[in-house]
Each structure stands twice: as structure tokens, then as C-alpha cells.
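Next up: a single chain in C-alpha cells, the form predicted alone.
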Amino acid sequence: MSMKCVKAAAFALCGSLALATGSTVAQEAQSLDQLLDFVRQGQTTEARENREREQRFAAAKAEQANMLQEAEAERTRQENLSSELEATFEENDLLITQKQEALRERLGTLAELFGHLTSTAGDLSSNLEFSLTSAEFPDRQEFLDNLIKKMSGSERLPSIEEIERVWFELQREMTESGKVVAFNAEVAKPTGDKVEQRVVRVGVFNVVSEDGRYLQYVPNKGTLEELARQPSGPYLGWAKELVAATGEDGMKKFGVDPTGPTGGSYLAALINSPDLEERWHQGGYIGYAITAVGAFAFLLAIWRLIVLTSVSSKVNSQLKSDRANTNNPLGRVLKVHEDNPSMDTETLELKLSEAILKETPRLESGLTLLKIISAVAPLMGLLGTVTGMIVTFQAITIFGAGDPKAMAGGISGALVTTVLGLLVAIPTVLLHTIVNGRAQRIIHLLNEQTTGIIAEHTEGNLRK
């Protein structure tokens, strides 16, 4: 029984060892002795592997120790090299200081000369950047910029050729600024097309193309571009005549931009100024309404003047006639007396007054409307002013008050409508005065003739 227990325990131990060492060995063991041999062999194998592992660890440790020694040696070498380089740097720095001092001593007064040369080259470069002569003589600024960069350092000096080139460019700029010359250049059109054209340069003030169009020089591109808007008036014709002129044609008129040497800002501002039609459009819908009202008032006044002039002519003819003609107000009033010669004075007076009252509205037709328009036109202009200021304040709210151009549109519209209102009101008041004077003259003539008729009729009745 005890042997059975021992065997069971041995099989259990072997099972657990078999699970630890591998199921393959446990499956191959056929007896306890064979299993014991397997366990002994496993212990032997593990001991050998442990020794091999220890040997590899020792070898790696030795290798790392060797590498550490090599790193420490390299650090020492680099520290020594750094010390040598620092010493060399200090020696070179001291040598540079000595060389610079020697250079300053040898330069003497030339240092001041080179300073003036650098300053002159800088000023000339700034002038040539916007000069119209650069369109004819390119690449000058590049030379000057390179020379300035070269002279800004202390290790290089300008050559004699470079100094003479600065003098030459300065002298050429002065000479060319007083010439009117023609040359071929590439011109960029407002449509984007580039064409080779013959252009005429008037000093450093203006450049015009062969078809009399004003051009501008673009410094950053180094090209000539035709202005999108050309100056109005006779300037284009003068420019065309100048381009077509020869040396034997004598003096020619030409519109010169006085700010040409500094970039032509005056010409740019002049051509960007709106013309009369553009200013009228700035008034917007209120400006259009004021214009329509003004045109209607003008046509109405002209029509009433024509009518009253015709009526006045007929009234004058009636004054020279003994018979009443009904084609004019006076004739129709006299017709009342002719039709009622035996009527009593009071009734005749009433009849004549009634006839005058019938003629008065036709004579004063349109006068009330002209008077209303003369009063309403400034109010419409004031309405445009208020709306323009509203637009201005909205622009200030959105863009701020730092950009005057953002506010210029509203202010311009406000002032244009005010001007349009006054332009309509003032002539309308004058036309109303003239038309009313013509009408009142005829009405006064009717009253005068009526009073005379009543007086003659009264005298006739008294003689009876």
C-alpha cells in the first residue's frame, strides 16, 4: 500500500515536472527511471545554459567597460581640441583687431571719402528707383545696391571703376533729366497686353507712347504701363503732336506733371478725380430725381415763356386794332363791351371783371408749379445730404475712422445732392420771376384797358 502511495506521488511529481519542462518529454518518458534520467539531463542542460549566459554577460560587461574607456578618451581629446581652437580664436580675434586698426590707419582720410561715396550712392539709388530714365537705362540700381552692400562691410573696398561708374551714373541722370528723347520700350496696355512701342520721354517728368497716351513707370517691375485713365482736355492731342514732331518743328505744347521726378503723384491724382458725369452719378437716386425735377421745371418755364410771348404779341396787336379779336385775352375782354354797349356801368364793370378772372388762370398757368419746384429742390438736396451722412457713419462703423477713402463716397454723395438742389432751385427762381413778370404785365394791361372802358362808358352815360 505504501509503495502504491509512493508511486502515485512520484507520478504526480513527474507530471508537474513534465508540465514545467515540456509535454513532449513527459509523453516520451516510459518509466520512473527514464523520467529520472530526463530530469537529470534537464538539470545538466540548465546548468550549462546558465554558465553560457554568465559568460555572455561577462563579455558584454567587458565590452561596455572598453567602450566607456574609449568615450572618456574621446572626451579628453575633444576637450583638448576645444582648448586649442579657443586659443586659435583668441589669436585670430587679436589679429583681426590689429589688422582693422592697421586698415584704419592706412585708410586715413579715405574712410571719410568712402562714407560720402556710400551716401551718394544711396541717394542716387533712391532717385533712380522712381526716375523715368530707368525705363531707358535699366540695371543701374542693381549696380548701386551691390556697391552699397559691398562698402557697408569693413573688409572690402570699392574699385576705381566702381567709383567712376557712380560719377558717370550721377552725371548721366542730370544730363538725361533735361532731354526730350524717343526710344523703343515694352508698354503694358490696360487690357494686359504688352506691345513694343516707340515712346517719348520728356526729361524725368512724363513718358508718352506713340499714340499720345500717358505712361507710368512701375519701379518694382521696371516696366512702362499705360494709364487706365488719361487726362482730359487738350493734353492727349498735345502729346500726340509731340510724338509726331521732328527736330525742325520748333516748340510744341505739352502737359507736364510737375511731380514727375518724385513719382508723378499729381498726374495720378488729377486723372483719378471724377469728371462732371461721374460727380453727377455720385448723387445716386436722389440726384437723378433732382435732375429730373430740374429738367421738368426748365421745360415748363421755357414753354410758358413761349406761350406768354405769343399772347403778349397778340395783345399788342389788339391794342392797335379797333375791333375786338377773340384770339387774345384783351380781345375777349373787349368783346364783352362790344356785345353789351348799352349796359349800365355797374353791370359792365362786373362783366369785365368776370372776363379778366377767366383769363387770369390761363395766364398764370405753371407759375405755382415753378414756385413749388424752386422751394422743393433744396429740400431734396438736403434729403440727399442726410442719406449721404448716414452712409458715411455706416462706413465709419464698419471700417473705422482711419481710412478717409471709406468715408469719401458718402460725403461726396451728400455734397453732390446739395449742389444739385441749389443748381435746380436758383435757375427755377429766376425763371419763375421772368415768367411771372410776363403774365403780370398782360394782366395789368387787361385791368388798365378795363378801367379805361368803364370810364368811357360812364362818361357816355352821363352825356345822355
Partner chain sequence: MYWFDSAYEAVARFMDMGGNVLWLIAILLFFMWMLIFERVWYFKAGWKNDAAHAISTWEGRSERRSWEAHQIREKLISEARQKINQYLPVIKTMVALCPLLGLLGTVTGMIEVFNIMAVTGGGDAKSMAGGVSRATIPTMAGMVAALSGVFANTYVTRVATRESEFLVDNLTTDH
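Note that this is a predicted model, so its numbers are computed, not measured. Positions refer to the first chain, counted from 1.
Keep in mind that the form predicted in complex with its partner chain is not shown, yet the notes after this line are about it.
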Report task. From the candidate stretches 65 to 73, 47 to 55, 421 to 429, 31 to 39, select the single one in contact with its partner chain in the predicted complex, where contact means a heavy atom within 4.5 Å. Result -> 421 to 429
**Report entry** Partner proximity in the predicted complex: Gly237 to its partner chain, non-hydrogen atom cutoff 4.5 Å
**Finding:** no
Requested in this report: Flag Lys405 as yes or no: does it have a non-hydrogen atom within 4.5 angstroms of any non-hydrogen atom of its partner chain in the predicted complex?
Outcome: yes
Query raised in the report: Taking the shortest heavy atom distance, is Leu415 within 4.5 Å of its partner chain in the predicted complex?
Result: yes
Query raised in the report: Should Ser177 be counted as a contact of its partner chain in the predicted complex, where contact means heavy atoms within 4.5 Å?
Result: no
Query - its partner chain in the predicted complex: contacted by all of Asp193, Leu305 and Thr368, heavy atom 4.5 Å - result: no
Report summary line: Across 435 to 463, the residues having a non-hydrogen atom within 4.5 Å of its partner chain in the predicted complex turn out to be Arg441, His444, Leu445, Glu448, Gln449, Thr451, Gly452, Ile453, Ala455, Glu456, Thr458, Glu459
